[in-house]
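Let's start with one chain on its own, the form predicted alone, as structure tokens.
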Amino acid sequence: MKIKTIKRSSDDYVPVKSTQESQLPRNLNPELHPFERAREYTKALNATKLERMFAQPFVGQFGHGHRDGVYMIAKNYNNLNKLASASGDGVIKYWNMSTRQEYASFRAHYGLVTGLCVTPESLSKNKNENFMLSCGDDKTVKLWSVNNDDFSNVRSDDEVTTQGLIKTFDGEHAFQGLDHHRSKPTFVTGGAQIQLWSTERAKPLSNLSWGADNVTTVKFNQNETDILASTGSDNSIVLYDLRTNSPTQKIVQTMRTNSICWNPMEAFNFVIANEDHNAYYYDMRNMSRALNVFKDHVAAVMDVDFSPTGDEIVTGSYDKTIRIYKTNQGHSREIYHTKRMQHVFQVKYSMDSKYIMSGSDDGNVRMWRSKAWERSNVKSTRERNKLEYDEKLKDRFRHMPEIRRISKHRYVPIVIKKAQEIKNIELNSMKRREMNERRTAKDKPFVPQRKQQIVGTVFKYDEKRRRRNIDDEEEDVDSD
């Protein structure tokens, strides 16, 4: 006769330490938990409601702001809590993001500051040294040392100062954009010409201009550091390669591009902010179509920036709002606005991707949370596990009607809501007209939305040849 006895080891449920919680045995057999999905749905619904209850995106403004509109913001790629901003009256401020107070404030240029960037830390001999490049309408590029002691004697920013100034580069025209190479002591400027400079020489090294009336924005790739992109007033986007010292591709769009930003994790992708209320995501290997179109704004998109993780972008618009998008989705997951914030000209992610800085023409630099419900306090292991579990539940049940309605609901200013309604009516009427034309004219080609903004490219992409090459490669792999 066989007798079955219940046997269990004390190691499974007796804690090793007095501070350790005892483990509870759990049978994971799904037949014993018939209401598990219903319980998890309820937990996901409650987590979604709590997320909206705790949504407080605005953190605060930096100091007392600027006297003029903030038209330039530059982040320090090697430091979490340093930020530079420049205004229309030529004043540059260097901020401590932890205290939201300024390290230094000085007048750098006569008139508008049109370009600003913090130089890489690898170029400084001392790790604690901070250098900054700025350019303006006064036809000069200036290299500054922005350490705490450099501006201790500056009492007023009414006059252009030479304290902290290391070097001045004189140009023949007003500059429109500026960016520094990630590893070499070179920088590039935009304007009537696009010029490559060295910090060790007073004159430009080369002229990279290629048929643009005025170059408005220049930006170096963060991974492939010799690749450069520029936008022009002729609605063009041009790619350059400094290894050959020549442009490689140019596309022309229907409207002007205001800003450009490279993906820090995928070296060949970049996003642009356009005047047609959209942002476009491109692959530089094939620019005949956009990878994605980011919609929802009702006015020109003035600036765009990638999060350091490369999976989200933030846009600032002339409609006085900030929107956050996932790179694989076309509609924004978040919209930020305040009553006093005016047209947003600059937006930047912090280097830990937890905060967003915005500059608007009301003179304020503001700090926002990238996730409105998230708090940066120290969390216990139990609390952190609970938050991660809630995130997984919200992602699992995100398509359920009630959860989708709660998570997507946002209050927006009535002006923007009305503008969105009018814009939707216009877009629907244009689609209806195009369908009617295609119904009567059978030879009318269908142009997808990701190609509609492109007028033309200089070097054509042969889709048939590319597909044939891909098929040949697949056949070679199969034969091997």
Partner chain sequence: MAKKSKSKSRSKSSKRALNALEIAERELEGSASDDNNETYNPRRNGTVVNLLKKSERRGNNYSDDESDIASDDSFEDEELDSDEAFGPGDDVDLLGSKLSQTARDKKKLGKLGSTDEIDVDNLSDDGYTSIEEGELMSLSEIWDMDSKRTPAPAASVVSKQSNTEEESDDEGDEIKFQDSDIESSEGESGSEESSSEESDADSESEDPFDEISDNDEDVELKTITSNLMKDTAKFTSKRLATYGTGEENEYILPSVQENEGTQKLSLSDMMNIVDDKQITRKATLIQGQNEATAIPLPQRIQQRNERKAAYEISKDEVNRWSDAVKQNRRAEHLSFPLNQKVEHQEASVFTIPVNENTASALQDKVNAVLEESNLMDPEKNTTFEDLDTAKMTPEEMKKRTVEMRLMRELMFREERKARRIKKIKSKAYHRIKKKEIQRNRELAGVSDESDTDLDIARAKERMTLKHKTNSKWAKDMTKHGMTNDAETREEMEEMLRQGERLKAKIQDRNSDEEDERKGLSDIEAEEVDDTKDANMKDRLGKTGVMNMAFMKNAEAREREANLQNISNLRAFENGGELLDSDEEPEKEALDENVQLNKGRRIYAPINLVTKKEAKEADKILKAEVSIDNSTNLANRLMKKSSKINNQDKKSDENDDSEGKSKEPENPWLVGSDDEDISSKNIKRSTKVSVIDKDSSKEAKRTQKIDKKLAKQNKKNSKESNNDDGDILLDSESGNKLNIVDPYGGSDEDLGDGFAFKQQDVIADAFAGDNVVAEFVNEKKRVAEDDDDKEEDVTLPGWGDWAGSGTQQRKKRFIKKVKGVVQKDKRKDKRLQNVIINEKVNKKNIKYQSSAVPFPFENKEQYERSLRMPLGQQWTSRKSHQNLIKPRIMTKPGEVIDPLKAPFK
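Positions refer to the first chain, counted from 1. Keep in mind that what you see is a predicted model, and the values were worked out from it rather than measured.
Below, we turn to the form predicted together with its partner chain, even though it does not appear here.
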Item to complete: Work out which of the listed stretches, 330-338, 276-284, 97-105, 194-202, brings a heavy atom within 4.5 angstroms of its partner chain in the predicted bound form.
Response: 276-284
Response to the item:
Checked T140, T186, N147, N235 for heavy atoms within 4.5 Å of its partner chain in the predicted bound form; positive is N235
Discussion item. Exactly one residue in Q222, S407, T161, N292 has a non-hydrogen atom within 4.5 Å of its partner chain in the predicted bound form; which is it?
Written reply: Q222
Discussion item. Against its partner chain in the predicted bound form, would T244 count as a contact residue? Criterion: heavy atoms within 4.5 Å.
Written reply: yes
Practice prompt. Please check if D179 has a heavy atom lying within 4.5 Å of any heavy atom of its partner chain in the predicted bound form.
Written response: no
Item to complete: Would you check, heavy atoms only and a 4.5 Å threshold, whether V91 touches its partner chain in the predicted bound form?
Response: no
Discussion item. Would you classify P264 as touching its partner chain in the predicted bound form, given a 4.5 Å non-hydrogen atom cut-off?
Written reply: yes
Discussion item. Contact check in the predicted bound form: E51, Q61 and Y349 versus its partner chain, with a cutoff of 4.5 Å between any heavy atoms. Do all three pass?
Written reply: no
Worksheet item: Listed by sequence position, which residues of 294-331 have a non-hydrogen atom within 4.5 angstroms of its partner chain in the predicted bound form?
Response: V298, A299, A300, M302, P308, T309, D311, Y318, D319, K320
